[in-house]
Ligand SMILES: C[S@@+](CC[C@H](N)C(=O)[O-])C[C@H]1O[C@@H](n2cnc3c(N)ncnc32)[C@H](O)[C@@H]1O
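Just the one chain here, laid out as C-alpha cells, in the form predicted on its own.
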C-alpha cells in the first residue's frame, strides 16, 4: 500500500474529540429493527448497540459518546450490561416503549438503568438497590435523569418500598446475585406487576449453587417461576457476555 493511500485510510477512520464527545466519520447509526429507541451500527450479524443520550454530554460508566447527524448516542456495552447482551441474542419479546413503567431490582451503580432511562424517556424507572455504597454511586450517576427514582431497599421485602412506587408497573427487571433469585422476582411481581405485564430475570447459577451444574440450576429456577403461575416466553443464554448467566423473559 502506498504511503498516500495509507494516510487517506487513517484520515477516514480518524476520531475527532470535542468536549468529551466522539464523532466518527465512518459510522452509521440507525434504529434497531425491532426494539424501540435502541440503535445499532455495523453489520447486522455483529452490530454495536447504542441508546440516544437523554442527558447530552453525560457519561455514566466511561462509555463512548458518539455524535451522528446532530444527535448524541451512548455506546451500550453487552459485557457491562446483561440487558444489552439479551438484546443482541435476539429475544422474541418486544418489551421496550418510551412510556414504560419499570421496577428495576438490583440497580447497582447505574450502568444498565441509565441506558434504560434513555430508552424509556417518557416513563419512570424505580431503581431498588440494597448496598449503600452502590446507592450513593447510583444517585451520583443518575441525578440528572428525572425518570429514575432510586430506592434504597431490600428486594426480599417488596412491601417495604411500596410508598416510593406510585404508578402501575409494566415491567420488572431483576439482576440480583442471591440464592433465592426466582423467589425474589415472584414476590415483587405478585406485589407490583400488572396482569399481562413482563418480567426479565437474569439468573446467575453460581450465586445459587457454586457446585451444582448450571443447567440443573436453570431448570430448578424455571420450575419455581412456572409453579407460581407465570409463563416463560424465552430462555436466553448470555454466557459469552456473562459467565453462568441466562435471562428469562416471563409474562404474568
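Numbering follows the first chain given and starts at 1. Everything numeric in this text was worked out from a predicted model, so none of it was measured.
The protein also exists as the form predicted in complex with the ligand; that form is not presented, and the subsequent description refers to it.
> Between 116, 176, 169, 148, only one gets a heavy atom within 4.5 angstroms of the ligand in the predicted complex; which residue is that?
For this set of options, the contacting one is 176.
> Using heavy atoms only and a 4.5 Å cut-off, determine which of 78, 123, 153, 91 is in contact with the ligand in the predicted complex.
That would be 153.
> Is every one of 197, 222 and 231 within 4.5 Å of the ligand in the predicted complex, counting heavy atoms?
Contact check failed for every one of 197, 222 and 231.
> I need the one stretch from 67-75, 91-99, 123-131, 139-147 whose residues put non-hydrogen atoms within 4.5 angstroms of the ligand in the predicted complex.
Looking at the other structure, the answer is 123-131.
> Can you tell me if residue 181 lies within 4.5 angstroms of the ligand in the predicted complex, counting non-hydrogen atoms only?
Although the ligand is absent here, residue 181 would stay clear of it in the predicted complex, with no heavy atoms inside 4.5 Å.
> Consider residue 158 of the chain shown here, and say whether it contacts the ligand in the predicted complex, taking contact as heavy atoms within 4.5 Å.
Contact with the ligand, no.
> Does residue 103 reach the ligand in the predicted complex, with heavy atoms at most 4.5 Å apart?
No.
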